[in-house]
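Have a look below at one chain only, the form predicted alone, in structure tokens format.
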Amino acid sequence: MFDYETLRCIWWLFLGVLLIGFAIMGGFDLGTAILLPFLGKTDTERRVIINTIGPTWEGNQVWFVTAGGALFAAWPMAYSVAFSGFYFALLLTLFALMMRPLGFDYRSKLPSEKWRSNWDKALFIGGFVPALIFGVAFGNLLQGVPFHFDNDMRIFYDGSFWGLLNPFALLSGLLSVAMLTLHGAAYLQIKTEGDIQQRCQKTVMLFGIITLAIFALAGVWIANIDGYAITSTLLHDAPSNPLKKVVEKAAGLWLSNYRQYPLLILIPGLGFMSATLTILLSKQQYLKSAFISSSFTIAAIILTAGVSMFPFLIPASQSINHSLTVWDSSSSHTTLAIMFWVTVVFLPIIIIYTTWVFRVLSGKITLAHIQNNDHTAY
């Protein structure tokens, strides 16, 4: 039905949709966990906050698992480089994510204040660390990853874990934390009331401003760091071989797509507009609209990185001609075609199921709910 070039573009879009889906659906879980120790002043208030995400956080992880599976199926070389180069960072993320089920399951097993406080800290770590590392990963992709292929197409990573923690990557990590915290606060103000809701509204304003400031700073920074561009002819429907191209590396090249297609500037513009709108809608008590607006903020920020890098998936910072792109690192045409139909069938099911769950669990979590359902509340 589709030629090889078209399928490669479709799968680039699918990967973007899955990453954005996880950032939106799993993002408010992470943001809520980050805010837990700060917005919950008492044990009961913290239990209210936990119960807003307790029934849904596991289902939201489907987006993360699916995105990883899509990367493996559609872009196996990119998957290999990412899981080799970012191995310890991903392992740290995994350990942090493991804090979440333990915290949800064991926090209320004992009435001890110290016991519950320690699990609250574990839930905070389970939210903050993944949010930070996901942003750090994007920051390193924009700068290039130190890897190369040998003559047998074996991948060698030449960097270190500490090398990932460079200034621009850390700024990207802070942007990720800020936008997910904004998203978590926007979600919490829908699901809570009273003092917690008022604190959430102040948090939306604070992290909305922080997100805008960091996004603007990152934009100025990205205009001055080295970007990548393909300078040789590269067939878009040829078999995958990342060694058959010539790549240029120079400052400002990540803005090339915006110069070639000026309408793309609407994407980062949407990020600024949506973050501002989230603050205004929250202040005016349009809480569900504020949550939708914060979702657009996340989508626009991720899309900004994606369209800036296109067609690069993982640039190589040292052996720059070994960079992985949409056109030369995908699976075969047959694999992409089969997985396309699998995605067409199952992605709508995930969306319908998620919509149904949130419609069923659309009510607010109140202090009375916690007190009257003490045996079922977290």
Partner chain sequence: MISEAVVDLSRWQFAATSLYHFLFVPLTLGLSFLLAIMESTYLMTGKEIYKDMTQFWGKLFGINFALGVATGLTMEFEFGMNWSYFSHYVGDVFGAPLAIEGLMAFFLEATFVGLFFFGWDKLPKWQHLIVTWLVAFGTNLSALWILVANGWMQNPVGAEFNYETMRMEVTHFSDLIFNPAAQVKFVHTVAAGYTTAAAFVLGISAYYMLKGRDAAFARRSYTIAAGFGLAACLSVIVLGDESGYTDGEVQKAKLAAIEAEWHTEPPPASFTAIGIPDQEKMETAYAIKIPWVLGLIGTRSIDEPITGLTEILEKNRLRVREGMKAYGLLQKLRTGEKTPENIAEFNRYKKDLGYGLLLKRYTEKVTDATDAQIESAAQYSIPRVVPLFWTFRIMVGCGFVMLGVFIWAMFASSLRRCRQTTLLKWSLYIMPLPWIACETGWFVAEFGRQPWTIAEVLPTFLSASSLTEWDLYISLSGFIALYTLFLVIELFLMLKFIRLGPSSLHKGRYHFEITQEEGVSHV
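Numbering follows the first chain given and starts at 1. The shown structure was predicted, so the numbers you read here are calculated from the model rather than taken from an experiment.
Heads up, the form predicted in complex with the partner chain isn't pictured, but that's what we're talking about next.
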Any non-hydrogen atom of Phe95 within 4.5 angstroms of the partner chain in the model of the complex: yes
The partner chain contact at Thr335 in the model of the complex, heavy atom, 4.5 Å: yes
Close approach of Asn51 to the partner chain in the model of the complex, 4.5 Å, heavy atom: yes
Gln143: touches the partner chain in the model of the complex, heavy atom cutoff 4.5 angstroms: no
Full three-residue contact with the partner chain in the model of the complex, heavy atom 4.5 Å, for Val307, Ser319 and Ser323: no
The unique member of Met153, Ala250, Leu235, Leu266 whose heavy atoms fall within 4.5 Å of the partner chain in the model of the complex: Met153
Segment assignment from 284-292, 70-78, 204-212, 165-173: heavy atom within 4.5 Å of the partner chain in the model of the complex: 70-78
Within 333-356, the residues that have a heavy atom no more than 4.5 Å from the partner chain in the model of the complex: Thr334, Thr335, Ile338, Met339, Val342, Thr343, Phe346, Leu347, Ile350, Tyr353, Thr354, Trp356
